[in-house]
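Here you get one chain, nothing else, as structure tokens; it is the form predicted on its own.
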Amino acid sequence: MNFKEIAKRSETGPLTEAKDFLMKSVAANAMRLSKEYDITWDGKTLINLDDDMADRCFQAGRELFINTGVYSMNSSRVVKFSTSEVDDALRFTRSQVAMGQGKDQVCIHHRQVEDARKPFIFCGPFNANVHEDMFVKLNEAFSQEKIVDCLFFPGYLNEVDGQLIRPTSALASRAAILYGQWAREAVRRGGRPGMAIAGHAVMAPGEIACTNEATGLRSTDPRAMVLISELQVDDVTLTRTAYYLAYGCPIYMAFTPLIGGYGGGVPGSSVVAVASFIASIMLGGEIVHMGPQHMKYKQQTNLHSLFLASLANQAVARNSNIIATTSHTTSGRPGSAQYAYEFSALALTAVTSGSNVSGPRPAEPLGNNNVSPLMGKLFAEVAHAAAGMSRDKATPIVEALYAKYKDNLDLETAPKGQPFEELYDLETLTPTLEHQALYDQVKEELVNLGIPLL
């Protein structure tokens, strides 16, 4: 659908209170449809093996979206779509998108359940707070890992020149300019000058500031928009989307279904997740990112999130051409074995269910630079190893991994890990001996569990 129609309907659609949209449209319909389509979960299964339920989940999510539409938060209007408009959008959804430039250009594809093709790897700081002194070094260390396809969200600069940044200030625009310049410098230093950089400047004015074909983010770099849970969009996202559609960037649309929120438990939240996938492409998304979040655990590797990630991804993979990717946020932090156990469990679940992957990062980073390029490499290796693996084979491995961390999901007591500058030699940009030893140890454990890592 042409975006001008979206913009128009966000100003002219039915006037509705937010609480009525969320309770009477989303919550009530999600509950009804999950029962009507017999979407169930036994509370212990980690990967869905029921293809028919995945198909029913897609139909339920499609019906939910047609019933609810998207809520424009600033205008208090509901953006509604007809059945034919939704079906046309699904019919013409692109199944592959190119990004990056020159020899570093790459292509992301729609994946099927148990697809033998390797998943696309979005990997980087993933919006962690990154100190200005570490920004280029940290992103260079990610970009030099050849297994990474796209540098993912180079990080938030929350201060520049030692000054804390006020979001709408001139300093915020300066930070956005540096964000683009330094990300480009990082991939150049990593030997991949045309490498795609997935950017997320958050505030609309920052989009212009960090966009520059010569020195900043380019038209070939995917730019991220975020829907607000559940099925809501604000003026900032619509404004940013309008800008990037006109500029010609690949549109990376993200959403976070909240298990325990307006979708209720896993069945209803899975239906909402499918509806959100469809909402994302209706608003212009070409790559759609799902973050299977749990309200209690505030991360994405708990048993509820694992099953939702499998069911919703399978529903989309089997019934559409949507290019899906799944984010990976953990309780454990870089520098701990638990961090790797968690992202490996979700990567196996998502990849065998038809998704690409985005991540990883701790759900609650402690301070600046709380990410590890070496653990990003392991994350990508696990995701590649899962390509072509059956869900039957992946299930016992995921169960074994989940058993290793299930009693330590609380963010307060989960391993604190270490920041980048303690895990890497900052002169050579190579892991410390201790960090390399952790990688080697965990990789051996994963191989012993049955993951075919090289």
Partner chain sequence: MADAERIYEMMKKSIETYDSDAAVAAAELAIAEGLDLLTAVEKGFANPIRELGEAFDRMEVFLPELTLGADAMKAGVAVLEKALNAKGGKLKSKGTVIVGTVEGDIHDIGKSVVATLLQANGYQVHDLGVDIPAPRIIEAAESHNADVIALSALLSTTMLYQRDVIELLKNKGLRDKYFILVGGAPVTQAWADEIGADGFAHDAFEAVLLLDSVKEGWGK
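Numbering follows the first chain given and starts at 1. This one's a predicted model, so the numbers in the text were calculated from it and none came from an experiment.
What follows is about the form predicted together with its partner chain, which we do not show.
- Task: Quick one: from Y341, F135, Y262, F153, grab the residue that has a heavy atom within 4.5 Å of its partner chain in the predicted bound form.
- Result: Partner contact (heavy atom, 4.5 Å) among the options: Y262.
- Task: Taking 4.5 Å between heavy atoms as the contact cutoff, choose which of D104, E114, E185, D234 touches its partner chain in the predicted bound form.
- Result: For this set of options, the contacting one is D234.
- Query: All three of K146, R218 and A380 touching its partner chain in the predicted bound form at 4.5 Å, heavy atom to heavy atom?
  - Reply: Spot residues vs its partner chain: no contact at all.
- Query: Residues in which of 254-262, 78-86, 371-379, 279-287 have heavy atoms within 4.5 Å of its partner chain in the predicted bound form?
  - Reply: Stretch with heavy atoms near the partner: 254-262.
- Item | 4.5 Å heavy atom contact, I66 to its partner chain in the predicted bound form | Answer no; every heavy atom of I66 is more than 4.5 Å from its partner chain in the predicted bound form.
- Looking at the partner-bound form in the predicted bound form, is K298 within 4.5 Å of its partner chain by any heavy atom? Flag for K298 set to yes.
- Query: So in the predicted bound form, does any heavy atom of A27 sit within 4.5 Å of its partner chain?
  - Reply: The answer is yes: A27 has a heavy atom within 4.5 Å of its partner chain.
- Message: Considering non-hydrogen atoms and a 4.5 Å limit, does its partner chain approach E412 in the predicted bound form?
- Response: Result yes; E412 sits at the interface with its partner chain in the predicted bound form.
- Could you list the residues in 156-170 that come within 4.5 Å of its partner chain in the predicted bound form, counting only heavy atoms and keeping sequence order? Read in sequence order, the residues that approach its partner chain (within 4.5 Å, in the predicted bound form) are Y156, L164, I165, R166, P167, T168.
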